[in-house]
Structure formats: C-alpha cells, structure tokens
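Given next, in structure tokens, is a single chain: the form predicted alone.
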C-alpha cells in the first residue's frame, strides 16, 4: 500500500496541478475565494457578539483572531474531507479507462485544501499583527497538529469516498453534516466547561485539535493534552482501517463508480 503511493507520487502531483488549474481557470477572484468564506464568517460572528445577540464568553485571543484561527483549522479538516469524499466519483472516467493506485486521487484531493489553508494562514498572520496579539514561540507548533488531524481526515475520507462511489447521496449529506458539526466544535466559541457540552467536546475528535491550536497561540501550553493524544491515536487507527477498507473495496468501486 505504501509502495503504491510512493510509486504514484508523480501522478499525485499531476492530478493536483490539474485540479488546481481547473478550479481557478476562469475565476475572476481566483485565490480570494479561499479568503472570502472565513472572512464573512468572522464578520458575522463578530457582529453578533459585539451586539450581544449571542454570548460566547471570554476568549484568550481577540475574538476575530480567535474565530479565524479556529476556522483555519476547521477549514483544513472539512475542506479536505469534502474533496476526498468526491475524489473517486469526480474521476469516474479515468478510473474506468486506466489502472493505477486509486489512493493517488485521494492524496491529490488533499492538496487543494492544504493550499487554501496556507492562504488563510497569511490572512491569520495579518489579523495577529492588526490586533497586536503577542507571538509566542509555541505558535510554530501548530502545524504539527495537522499531521494527526490529516490522518483522521484521510481515514474518514477513505471510508466516505468508497461509500460515495456506491451511494452518491453521501457527499451531499456530508456537506450538511459538516455545517452542523462546526457548531459542535469550539471554532467560534471557547471550549465549554459545562455538562453535557463538555462531553460533546471530548467525544468530537476534531475539537482537540482546534482547542490545541487556540492554546498554543494564546497560552503557550496545552489545556487538554490527554484529549489531544487520544484524538491523535484515534486518527492513526482510523487512517489505517480506512485505507485497508479502501483497498479491499476497489473491485466494487470499479463496478459502481
């Protein structure tokens, strides 16, 4: 399995370049589309909190920077998962005509979400400068959170892309589920301290990565290290399980895609 991915690295790169060019080929705003949705979300929730329509409590960072950091981490997870889930159905003609490791489609789909995250990171840095947020050295550790979170994402993506090739409603249902799931994750509000909301925060594996990013940027130390470790281990197990199921299901996928 690992050997197939290594041998298809050039194919992965070419698929990524193709998808990247197609996305921005006739777009007037181009890369700004990676910035538009998080900026609108930050503006909406900042307006709601400042006008006391909603109350989220105290945040360790200025609220707009707090929300944008959470959205950057959440966007990497949700954007990657959506792209991976649709990767097989989006390349149905190629799958029927060519024999190649199907994982190449999955890893190529991951590339676009990584580029969008890199663009949003530049915007996040501008927010930190604008609001005068002290830059702690631990902020450099935030990218390390992406490795276990991406294993979690790819593992779930392996399973969902296989299911989506058989039942096409999966990708549409996933979009709705992710919109709801964002509000069950401390993206636009601090990690809850009351039951039963704290239980949701512990059960949701993505919450640990969002909370850890906020902690490293604001406090310089993790407030939930045990949860982060358990979420990382769960991500590793899901990655290995999802990849194996993905491989075993390829004959069925080839018939149904």
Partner chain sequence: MSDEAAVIVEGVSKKFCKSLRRTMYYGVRDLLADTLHLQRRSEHLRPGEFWALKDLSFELRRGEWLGVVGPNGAGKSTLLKLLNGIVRPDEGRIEVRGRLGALIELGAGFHPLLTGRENIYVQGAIMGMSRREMEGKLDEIIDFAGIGDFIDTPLKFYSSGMHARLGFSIAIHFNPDSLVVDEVLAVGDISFQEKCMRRMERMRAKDKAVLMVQQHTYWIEALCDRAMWLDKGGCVRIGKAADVVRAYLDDQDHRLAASTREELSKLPDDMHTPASIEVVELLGEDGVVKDTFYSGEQMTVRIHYNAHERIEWPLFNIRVFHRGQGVLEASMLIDGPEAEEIEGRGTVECRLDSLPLTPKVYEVVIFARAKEGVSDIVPMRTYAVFQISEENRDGWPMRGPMAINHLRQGSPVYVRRSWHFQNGKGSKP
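Because the structure is predicted, anything quoted here is derived from the model rather than measured. Positions refer to the first chain, counted from 1.
Another form, the form predicted together with the partner chain, is not on view; read the next lines as being about it.
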| property | result |
| --- | --- |
| The partner chain in the model of the complex: contacting segment from 80-88, 143-151, 159-167, 121-129, heavy atom within 4.5 Å | 159-167 |
| Residue 252: touches the partner chain in the model of the complex, heavy atom cutoff 4.5 angstroms | yes |
| 4.5 Å heavy atom contact, residue 184 and the partner chain in the model of the complex | no |
| Heavy atom of residue 94 within 4.5 Å of the partner chain in the model of the complex | yes |
| Exercise: residue 176 in contact with the partner chain in the model of the complex, heavy atom 4.5 Å | no |
